[in-house]
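One chain comes next, on its own, written as C-alpha cells: the form predicted on its own.
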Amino acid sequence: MTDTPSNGGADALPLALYVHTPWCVSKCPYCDFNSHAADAPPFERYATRLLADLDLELDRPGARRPLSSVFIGGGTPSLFPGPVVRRLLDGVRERTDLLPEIEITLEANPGTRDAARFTDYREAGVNRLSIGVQSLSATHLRALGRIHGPAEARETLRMARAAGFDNINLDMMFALPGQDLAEAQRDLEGLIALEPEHISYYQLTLEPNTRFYARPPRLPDSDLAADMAERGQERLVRAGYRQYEVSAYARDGARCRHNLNYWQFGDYLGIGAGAHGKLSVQGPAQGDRQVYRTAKRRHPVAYLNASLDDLASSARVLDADDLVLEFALNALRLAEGFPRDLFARTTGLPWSRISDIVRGAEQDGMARILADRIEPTALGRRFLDDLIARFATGR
C-alpha cells in the first residue's frame, strides 16, 4: 500500500445536497434534532431563503460538481405543501447538474394529512420516502410522544405506494420505555410485513437537551437492549434485509445513497436552518487539500432574518486530527468497513497516519485488515465507540 495520498482531485469525490426543514407539529420528548413546533410555518419564504442559500453555497470553491443525491430532512418535511417542494426542487435543477438516476429523499411522518401530499412530491421529483414509524404499538407510540397510531402508519405506507413510490425506508426504534423482548420482536415483525425496501432499526437513546434526558423514562437495561439488537439483526437478515451500516438494512439495490456518501466521507452542501456541510478543495499540488466544515444559523427565525452574507454560524478548515476522527466516525459505521484507499482519497492524508491505529485494533480483535479493505469485527461493531476512540487518541 502506497504511503502517499491518492492523486485523485477533490472534485472527483461525490457531492450531495442536504436540505433542512426545521418545523414539526410537536416536539417528541426523545428528539434532539433542530426541530421546532409551529402552527403556521412560512413555507414560501423559507423556500426562497433555501434557494438563496444554495446560490451562496455554489459560489464556494469546489462546489460546482454534479449532485449524486438530495435529502430533504427535518423536522417534518412532509408538512411542506407539494407546490413548495416542487419550487424548491425546480430551483435545485436550475442551479446544478444532477447525475442520472439521482436519489431524492424526503422524510415524512405517518398521517393521512401528510400522505395526501405524496403524489405532489412524486411529481416534483422525489423518488424516495423515509417514514418515521418508530413503533407499531399504540402503547409505545404514546410513550414516545408520537401523534400517530399504528393504523395511520400502515395507511401512510399504502398511500405512498399508491402515489408511485417504490423506494421507501421505514424507521423503527427498540429498547423503548417499558418494552420487553417479545414486544420488540412483534414490533419488528409488523414492520417487516409492510415490505419496505429499506429499514432503519436503531436503539432509543437519551440525548442531552431533550425531555427524556431531563426526566428519564424507565428503559430496558443494556443486556436486554443488546438482546433486542441481536434478535432484530438476525430477523432482518432472514427477511432479506442486508445490514450495511450500524442501523441500516436494505434489500438488494435499495441502500440509501445519500447516507452512504456521509459514511464514505464524501462531500455535501448543507442548506437550511442548522444545516451542516463538508466540502473538499484540491490545491495545485498532490496532497494539497483543504476540507471545510460549515454550519448555518440554527434557529429558523435567525436563519430567515439574517443577511445573506451572515447565514453561517461557523466555518472552519479541518486539521489532520479532525480528519482522522471524522473519517473514523463515519467509515467504521459500515458493516463492510472501507477500502484502504478511501482514507487517502477523502482526507488527502497518507495511510501511515492511521496504519498503527488500525494494526492495534486488529491485534485487539476489533478490526480485520484484508487485502484491500479494513472492516470492524463483530467485537468492534459491538463496542464501536471504543474502536472510534482509538482514532481520537491515536492508539
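In this text, residue numbers run from 1 along the sequence as written. These numbers come from a predicted model, not from an experiment.
A second form of this protein, the form predicted in complex with a small molecule, is not displayed here; the remarks below concern that form.
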(message) Although the partner isn't part of this model, could you tell me whether Phe43 comes within 4.5 Å of the small molecule in the predicted bound form, counting any heavy atom of the residue?
(response) no
(request) Give a yes or no for Pro300: in the predicted bound form, does one of its heavy atoms lie within 4.5 Å of a heavy atom belonging to the small molecule? (result) no
(request) With heavy atoms only and a cut-off of 4.5 Å, decide whether Gln243 touches the small molecule in the predicted bound form. (result) no
(request) Answer for Leu204 alone: is it within 4.5 Å of the small molecule in the predicted bound form, judged on heavy atom distances? (result) yes
(message) Which residue, Arg128, Lys278, Lys296, Arg146, is the contact with the small molecule in the predicted bound form, using a 4.5 Å heavy atom cutoff?
(response) Arg146
(request) Tell me, out of Glu107, Asp227, Glu183, Glu155, which residue has a non-hydrogen atom within 4.5 angstroms of the small molecule in the predicted bound form. (result) Glu107
(request) Can you check 97-105, 195-203, 316-324, 216-224 and let me know which stretch has heavy atoms within 4.5 Å of the small molecule in the predicted bound form? (result) 195-203
